[in-house]
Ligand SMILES: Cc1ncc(COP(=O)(O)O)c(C=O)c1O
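One chain follows as structure tokens, the form predicted alone.
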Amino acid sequence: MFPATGTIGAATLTKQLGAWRPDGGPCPARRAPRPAYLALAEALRLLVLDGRVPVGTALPSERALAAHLDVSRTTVTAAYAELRDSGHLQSRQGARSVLTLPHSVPAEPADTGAEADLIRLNVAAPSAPDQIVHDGYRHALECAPPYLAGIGLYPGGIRALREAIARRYTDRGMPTTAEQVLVTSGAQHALRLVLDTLVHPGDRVLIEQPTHHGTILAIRRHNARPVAVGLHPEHGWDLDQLEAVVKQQNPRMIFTIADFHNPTGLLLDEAGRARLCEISARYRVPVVVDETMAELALDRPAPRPLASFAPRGAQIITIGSASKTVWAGLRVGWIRTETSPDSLTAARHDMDLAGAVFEQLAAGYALDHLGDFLPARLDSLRTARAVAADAVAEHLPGATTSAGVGGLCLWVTLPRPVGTATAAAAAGLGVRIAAGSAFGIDGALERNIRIPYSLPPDQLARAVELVGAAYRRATGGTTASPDLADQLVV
């Protein structure tokens, strides 16, 4: 039996599930296109797959959940049985059932596990540029002999990669030296290091809403408190509101994705960057900038890095990654600070000793050769984005998309607040997609879904078509405009 690491009450779980029923309402007016227990099981499975309810959480009793959901106990019993059969729930006589993940590991490189037949529309990451990666590892082998003579541990990262990262910043208008760079195992690892160094349990961390799901998980795992400031899908950042929240909440840190924001694709302009840096200086609050998407300019280039606008007294920490620009399989990221990142390097010893040398050498080569593959990649992303936008217009009538100008995602606002139900129904149709609530806190953003356009165009078009079918299931077969009650947010 998987040990329970926490519990969730029936009322809280009901709130997390949101509008899970096929018609999005509490009392179906017509027969659901599939049994209610399957819809409930899919919604519960999505909660654990998205990380909104952690693995190891003990679920409420069947009787208690049935009462809060206003369904029969038989429906909940069948849903729990479905989850047990799929390996997502373990039960024992006299104890609460506990959420788990299947233990079987898919064979590599082909995925033959439970997700093998699903279209992975929940992942915003491109495939590798084959030639550059091959050349990068060939370069790593050629450079290896001097490294092989040592123990191979470089806590700050190998100098060749740190110099390549520093050159990229310098080329983008922010002079940087290798001494200002700490290499990490991806941007998420970088954020964890920053949190360990700057933030104590219970501290507030100001974030945009929506924001990258992994950011919310990292803050909560650190036992800090995420405080959200809304990001408008067309106008972007309201820095007056952000400053007001800083005054009221006194956050320990501000986290922002200023370049082709994930998931909206929005871009903070120069005036906004300068204003955010001024806020950092005035209130003595560090700003952590995630630049993972900074190179993925589709409609217009990004301004200079945000840290280049910093006045005296501002503390700007920039994190980046090769995952979105080159390949997530390299697992290489970095932190850039105004001075030497000694405290961050020291914090790394509590997590790992150093990154893999060969991957760092290959990543450095790829960063120095972005011009050889990035223009073609951006052209293919523009094509895929157009395919995704056309498919949304055709299969999700009434939906709107954010005014993003780069990155890897369309942020879609649905006519009705059935994002979780749509994602659950899509899984039943063969598509894994992230509901908007994964990108916010406290169950917000139920009207949204995120559609990455990093898949091949044909597969992407088919995936959005299936998402449209899932939305129709979630709304009981209608895509009519919402009534006034659906549009009001109190």
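Computed from a predicted structure; not experimentally measured. Position 1 is the first residue in the sequence shown; the rest follow in order.
As for the form predicted together with the ligand, it is not shown, yet the points below apply to it.
Though the ligand is absent from this view, in the predicted bound form it lies within 4.5 Å of a heavy atom of just one residue from 253, 187, 216, 268, which is 187.
Contact with the ligand in the predicted bound form, judged by any heavy atom within 4.5 Å, is made by just one of 420, 264, 360, 292: 292. You can rule out all but one of 317-325, 304-312, 161-169, 138-146: in the predicted bound form, only 317-325 has residues with a heavy atom within 4.5 Å of the ligand. Looking at residue 257, you'd find a heavy atom of it within 4.5 angstroms of the ligand in the predicted bound form. A residue is said to contact a partner when one of its heavy atoms sits within 4.5 Å of a partner heavy atom; residue 88 fails this definition for the ligand in the predicted bound form, lying far away. The ligand in the predicted bound form is approached by residue 212, whose closest heavy atom lies within 4.5 angstroms of it. In the predicted bound form, none of the heavy atoms of residue 204 sits within 4.5 Å of a heavy atom of the ligand.
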